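Here's a solo chain for you in C-alpha coordinates, the form predicted on its own.
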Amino acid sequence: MSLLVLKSSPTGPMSVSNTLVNEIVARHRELDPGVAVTERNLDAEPLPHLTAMNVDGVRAHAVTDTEIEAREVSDRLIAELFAADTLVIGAPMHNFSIPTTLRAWFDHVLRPRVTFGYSETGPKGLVTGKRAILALARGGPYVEGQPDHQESYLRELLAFIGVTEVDVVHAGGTAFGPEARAASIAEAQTAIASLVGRRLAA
(Lines give C-alpha, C1' and ligand atoms only; values in the text may rest on other atoms or scores of the structure.)
Protein backbone atom coordinates (compact mmCIF):
# COMPACT_ATOMS: atom_id res chain seq x y z
CA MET A 1 0.00 0.00 0.00
CA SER A 2 1.12 3.55 -0.68
CA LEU A 3 -0.14 6.80 0.80
CA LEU A 4 0.10 10.32 -0.61
CA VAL A 5 -0.15 12.64 2.38
CA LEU A 6 -1.03 16.32 2.00
CA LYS A 7 -0.86 18.74 4.92
CA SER A 8 -2.10 22.29 4.46
CA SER A 9 -2.41 23.87 7.91
CA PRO A 10 -0.31 26.99 8.63
CA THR A 11 -0.15 26.26 12.37
CA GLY A 12 2.47 23.50 12.24
CA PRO A 13 2.71 21.34 15.38
CA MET A 14 -0.34 23.08 16.87
CA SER A 15 -2.49 22.03 13.92
CA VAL A 16 -5.42 19.74 14.62
CA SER A 17 -5.68 18.58 11.00
CA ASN A 18 -1.95 17.73 11.00
CA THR A 19 -2.43 15.78 14.23
CA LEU A 20 -5.19 13.75 12.61
CA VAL A 21 -3.14 13.16 9.46
CA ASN A 22 -0.24 11.90 11.59
CA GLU A 23 -2.63 9.56 13.37
CA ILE A 24 -3.94 8.20 10.07
CA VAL A 25 -0.40 7.51 8.86
CA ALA A 26 0.62 5.95 12.18
CA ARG A 27 -2.38 3.61 12.14
CA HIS A 28 -1.56 2.49 8.61
CA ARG A 29 2.05 1.81 9.60
CA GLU A 30 0.95 -0.07 12.70
CA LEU A 31 -1.26 -2.39 10.68
CA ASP A 32 0.96 -2.51 7.57
CA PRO A 33 4.65 -1.83 8.36
CA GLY A 34 5.47 -1.97 4.67
CA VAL A 35 3.25 0.96 3.71
CA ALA A 36 5.02 3.55 1.54
CA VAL A 37 4.37 7.18 2.44
CA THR A 38 4.97 10.26 0.31
CA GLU A 39 4.28 13.44 2.25
CA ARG A 40 3.90 17.01 1.04
CA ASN A 41 3.61 19.78 3.59
CA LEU A 42 2.04 22.44 1.42
CA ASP A 43 2.51 25.11 4.08
CA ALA A 44 6.20 24.45 4.67
CA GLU A 45 6.85 24.13 0.93
CA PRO A 46 4.03 26.02 -0.82
CA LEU A 47 3.41 25.58 -4.50
CA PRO A 48 3.24 28.62 -6.77
CA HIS A 49 -0.24 29.88 -7.53
CA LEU A 50 -1.27 29.86 -11.16
CA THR A 51 -1.07 33.28 -12.81
CA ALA A 52 -0.92 34.68 -16.33
CA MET A 53 2.81 33.94 -16.25
CA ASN A 54 2.56 30.18 -15.70
CA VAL A 55 -1.02 28.95 -16.20
CA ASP A 56 -0.46 27.72 -19.77
CA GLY A 57 2.13 25.31 -18.38
CA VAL A 58 -0.72 23.41 -16.74
CA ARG A 59 -3.76 24.27 -18.81
CA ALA A 60 -2.34 24.49 -22.34
CA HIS A 61 1.11 24.32 -23.96
CA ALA A 62 4.26 25.26 -22.09
CA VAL A 63 6.45 27.64 -24.08
CA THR A 64 8.24 30.07 -21.77
CA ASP A 65 10.68 29.05 -19.06
CA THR A 66 8.09 29.90 -16.39
CA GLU A 67 5.45 27.78 -18.13
CA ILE A 68 7.87 24.87 -18.54
CA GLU A 69 8.71 25.06 -14.84
CA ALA A 70 4.98 24.93 -13.99
CA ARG A 71 4.55 21.92 -16.27
CA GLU A 72 7.43 20.12 -14.54
CA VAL A 73 5.90 20.79 -11.10
CA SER A 74 2.53 19.57 -12.35
CA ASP A 75 4.14 16.42 -13.79
CA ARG A 76 5.79 15.58 -10.45
CA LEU A 77 2.61 16.11 -8.45
CA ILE A 78 0.51 14.07 -10.86
CA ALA A 79 3.07 11.24 -10.82
CA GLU A 80 2.81 11.14 -7.02
CA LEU A 81 -0.98 11.09 -7.29
CA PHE A 82 -1.06 8.19 -9.75
CA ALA A 83 1.49 6.22 -7.71
CA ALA A 84 -0.60 6.32 -4.53
CA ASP A 85 -3.33 3.91 -3.48
CA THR A 86 -4.77 6.32 -0.92
CA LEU A 87 -4.72 10.10 -0.56
CA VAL A 88 -4.66 11.45 2.97
CA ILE A 89 -5.58 15.13 2.95
CA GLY A 90 -5.50 17.32 6.03
CA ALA A 91 -7.21 20.70 5.94
CA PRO A 92 -8.45 23.27 8.43
CA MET A 93 -11.47 25.35 7.48
CA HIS A 94 -10.34 28.78 6.27
CA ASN A 95 -13.09 31.29 5.53
CA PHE A 96 -15.59 28.42 5.11
CA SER A 97 -13.29 26.69 2.61
CA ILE A 98 -9.74 25.31 2.39
CA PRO A 99 -6.29 26.94 2.62
CA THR A 100 -5.01 28.41 -0.62
CA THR A 101 -1.94 26.17 -0.36
CA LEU A 102 -4.15 23.12 -0.84
CA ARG A 103 -6.09 24.81 -3.62
CA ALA A 104 -2.76 25.42 -5.40
CA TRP A 105 -2.04 21.67 -5.28
CA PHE A 106 -5.37 20.93 -6.94
CA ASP A 107 -4.71 23.66 -9.52
CA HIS A 108 -1.56 21.79 -10.54
CA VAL A 109 -3.07 18.30 -10.66
CA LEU A 110 -6.41 19.03 -12.32
CA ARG A 111 -4.98 18.86 -15.81
CA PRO A 112 -6.97 18.34 -19.01
CA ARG A 113 -6.40 15.04 -20.80
CA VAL A 114 -4.23 13.81 -17.92
CA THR A 115 -6.35 13.65 -14.76
CA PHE A 116 -9.69 14.48 -16.35
CA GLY A 117 -11.26 14.57 -19.77
CA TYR A 118 -14.59 15.14 -21.45
CA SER A 119 -16.88 12.69 -23.19
CA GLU A 120 -20.30 12.90 -24.80
CA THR A 121 -21.82 12.49 -21.35
CA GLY A 122 -19.71 15.18 -19.68
CA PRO A 123 -16.55 15.29 -17.53
CA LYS A 124 -14.73 12.04 -16.85
CA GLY A 125 -12.13 11.53 -14.12
CA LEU A 126 -9.01 9.69 -15.24
CA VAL A 127 -7.55 8.99 -11.76
CA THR A 128 -9.20 5.68 -10.98
CA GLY A 129 -8.81 2.99 -8.35
CA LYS A 130 -7.89 5.45 -5.59
CA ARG A 131 -9.31 6.12 -2.15
CA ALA A 132 -9.12 9.28 -0.08
CA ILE A 133 -9.29 10.08 3.60
CA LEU A 134 -10.01 13.69 4.57
CA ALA A 135 -8.90 14.92 8.00
CA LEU A 136 -10.87 18.12 8.49
CA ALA A 137 -10.70 20.56 11.39
CA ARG A 138 -12.53 23.73 12.27
CA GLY A 139 -12.67 26.06 15.24
CA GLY A 140 -16.46 25.95 15.41
CA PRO A 141 -18.67 22.88 15.76
CA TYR A 142 -19.92 20.76 12.86
CA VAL A 143 -23.55 21.83 12.70
CA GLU A 144 -26.02 20.99 9.95
CA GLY A 145 -26.81 23.99 7.79
CA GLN A 146 -23.76 26.09 8.64
CA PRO A 147 -21.68 27.45 5.73
CA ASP A 148 -19.33 24.67 4.63
CA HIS A 149 -17.30 24.80 1.44
CA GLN A 150 -14.59 22.65 2.96
CA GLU A 151 -15.77 19.04 2.78
CA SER A 152 -18.14 19.57 -0.15
CA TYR A 153 -15.48 21.35 -2.18
CA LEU A 154 -12.85 18.67 -1.57
CA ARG A 155 -15.31 15.94 -2.48
CA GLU A 156 -16.19 17.74 -5.73
CA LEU A 157 -12.55 18.26 -6.69
CA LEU A 158 -11.68 14.63 -6.01
CA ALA A 159 -14.74 13.30 -7.82
CA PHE A 160 -13.89 15.45 -10.84
CA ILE A 161 -10.63 13.54 -11.32
CA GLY A 162 -12.22 10.18 -10.52
CA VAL A 163 -11.66 9.70 -6.77
CA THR A 164 -15.12 8.99 -5.41
CA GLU A 165 -14.38 6.61 -2.53
CA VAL A 166 -13.85 9.20 0.19
CA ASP A 167 -13.95 8.87 3.98
CA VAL A 168 -13.99 11.90 6.25
CA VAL A 169 -12.82 12.39 9.82
CA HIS A 170 -13.97 15.61 11.51
CA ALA A 171 -12.68 17.55 14.49
CA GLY A 172 -14.92 20.50 15.33
CA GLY A 173 -15.14 23.06 18.10
CA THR A 174 -11.38 23.17 18.52
CA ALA A 175 -11.41 26.90 19.32
CA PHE A 176 -13.76 26.43 22.29
CA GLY A 177 -10.97 25.89 24.80
CA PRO A 178 -8.40 23.19 25.65
CA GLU A 179 -10.94 20.66 26.94
CA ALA A 180 -13.16 20.91 23.87
CA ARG A 181 -10.13 20.69 21.62
CA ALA A 182 -8.76 17.60 23.37
CA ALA A 183 -12.17 15.90 23.37
CA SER A 184 -12.66 16.57 19.65
CA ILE A 185 -9.21 15.21 18.80
CA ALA A 186 -9.76 12.10 20.94
CA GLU A 187 -13.10 11.43 19.26
CA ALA A 188 -11.52 11.82 15.83
CA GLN A 189 -8.64 9.50 16.76
CA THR A 190 -11.14 6.82 17.77
CA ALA A 191 -12.86 7.22 14.43
CA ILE A 192 -9.49 6.95 12.64
CA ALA A 193 -8.63 3.69 14.39
CA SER A 194 -11.94 2.19 13.32
CA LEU A 195 -11.71 3.54 9.77
CA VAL A 196 -8.17 2.39 9.05
CA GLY A 197 -8.74 -0.99 10.65
CA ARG A 198 -11.86 -1.52 8.58
CA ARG A 199 -10.17 -0.43 5.37
CA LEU A 200 -7.12 -2.64 5.75
CA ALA A 201 -9.26 -5.62 6.69
CA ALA A 202 -11.42 -5.22 3.58
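The first residue of the sequence shown is number 1, and the count goes up from there. Small disclaimer: the values here were computed from a predicted structure and weren't measured.
Quick note: we don't show the form predicted in complex with a small molecule, though the next part is all about it.
Scanning 94, 130, 103, 71 against the small molecule in the predicted bound form with a 4.5 Å heavy atom cut-off leaves one residue, 94.
Just one listed stretch, out of 33-41, 156-164, 132-140, 61-69, contacts the small molecule in the predicted bound form at the 4.5 Å heavy atom level, and that stretch is 132-140. Heavy atoms of residue 22 never reach within 4.5 Å of the small molecule in the predicted bound form, leaving it off the interface. When the small molecule is considered in the predicted bound form, residue 189 lies well away from it, no heavy atom lying within 4.5 Å. Among heavy atoms of residue 184, none comes within 4.5 Å of the small molecule in the predicted bound form.
Proximity of residue 11 to the small molecule in the predicted bound form: non-hydrogen atoms within 4.5 Å are present.
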